[in-house]
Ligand SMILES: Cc1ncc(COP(=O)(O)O)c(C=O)c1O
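Presented below, as structure tokens, is a lone chain in the form predicted on its own.
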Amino acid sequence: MSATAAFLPFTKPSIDEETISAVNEVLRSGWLTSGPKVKELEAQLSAYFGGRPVRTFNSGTCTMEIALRIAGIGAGDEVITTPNSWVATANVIIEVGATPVFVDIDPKTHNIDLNKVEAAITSGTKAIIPVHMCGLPCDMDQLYAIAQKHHLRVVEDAAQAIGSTWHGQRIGAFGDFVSFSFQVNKNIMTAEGGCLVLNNEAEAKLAEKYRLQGVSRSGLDGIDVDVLGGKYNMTDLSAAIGLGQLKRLHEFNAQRKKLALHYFDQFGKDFESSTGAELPVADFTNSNWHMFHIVLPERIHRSEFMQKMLDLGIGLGYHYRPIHLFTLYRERGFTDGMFPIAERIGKQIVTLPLFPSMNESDVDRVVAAVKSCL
């Protein structure tokens, strides 16, 4: 690592002084847990998603679990999803007592291969959880056509897709349940948190019960519990961060797009043919460019490549090891070779630095290092 080159992580949040001041105001107010800032954030998110009901939570994981519970998914039901995601996407299916059914991915988009979904549908299939990987949406027309044909509920894992679009409509502004994550590495963040876009106020009221122990209130002293809820509420501290981030979402995503374009320019048209590596789909219409990844050629050992990049002062991630290869899922009968495309990509994928405070010279440095290490 050069003495003058600072370490470049693969992601880093952007927090302005206005947001820091807003958090200080919440601390001074004495109201730290769910309160007026949470309601304000929910209202702004609802407006962002075209007026649909939105409820915030302390993670983008419980949002999917609660969506499944609202949809009535439980024991004996099957839910189709992708093996190429963070393990939470499948864990929530098990949490509600249902059975995850994996479908392999498209080798280009890395999203679930919708052409293979119908073959996995059985009489027990009740829902599908697609993932908009790295902010690149699934084919929403095909997805909802399948869901409508087979009477399936859809819980979109849009953890990485805030600001992404389909035919000019924002992901979350249409469809069924749509779950977003505001974890610290997302395009906007609340440190930890997430939100769920729902279809109507009845679902929103039920979501409120599930996020706070199943409690419903009436008047000053009326309280009841009629569903089994958990403790999933967002704090006003987190909401204050989210409000500051949301107003900068367009700015953040525009910078991500600019940096992604520069990555493609710097890699050049012959990068894939000359190295055997694979670049992501160059979608500058729908994607919010949450992440920029490359798939290394089989001749390259990923751990060695990542170490060489670290030695050059550049941090990488990898997204993701296929879910079905974790011990928890092997114990449920999944084995190597069941989803070969996800397995090949999961073995060789690396995620390059991409965050709003980067500049084009940072991209130049990353690309030069990648080419050197390959």
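These numbers come from a predicted model, not from an experiment. Each residue number is its position in the shown sequence, starting from 1.
Below: the form predicted together with this ligand, not depicted.
- Annotation: in the predicted complex, residues Leu41, Ser164 and Phe252 none come within 4.5 Å of this ligand through any heavy atom.
- Remark: Ser59 counts among the residues lining this ligand in the predicted complex, judged by a heavy atom distance of 4.5 Å or less.
- Taking non-hydrogen atoms only, Gly193 approaches this ligand to within 4.5 angstroms in the predicted complex.
- Contact between Phe334 and this ligand in the predicted complex is not found at the 4.5 Å heavy atom cutoff.
- Residue contact check for Ala159: one or more of its heavy atoms lie within 4.5 Å of this ligand in the predicted complex.
- The stretch from 79 to 87, 143 to 151, 259 to 267, 93 to 101 that comes within 4.5 Å of this ligand in the predicted complex, counting heavy atoms only, is 79 to 87.
- Interface residue among Tyr320, Tyr48, Phe305, Tyr329 relative to this ligand in the predicted complex, by the heavy atom within 4.5 Å criterion: Tyr320.
- Comment: this ligand is not present in this chain, but in the predicted complex one of Val178, Val131, Ile128, Ala240 has a heavy atom within 4.5 Å of it, namely Val131.
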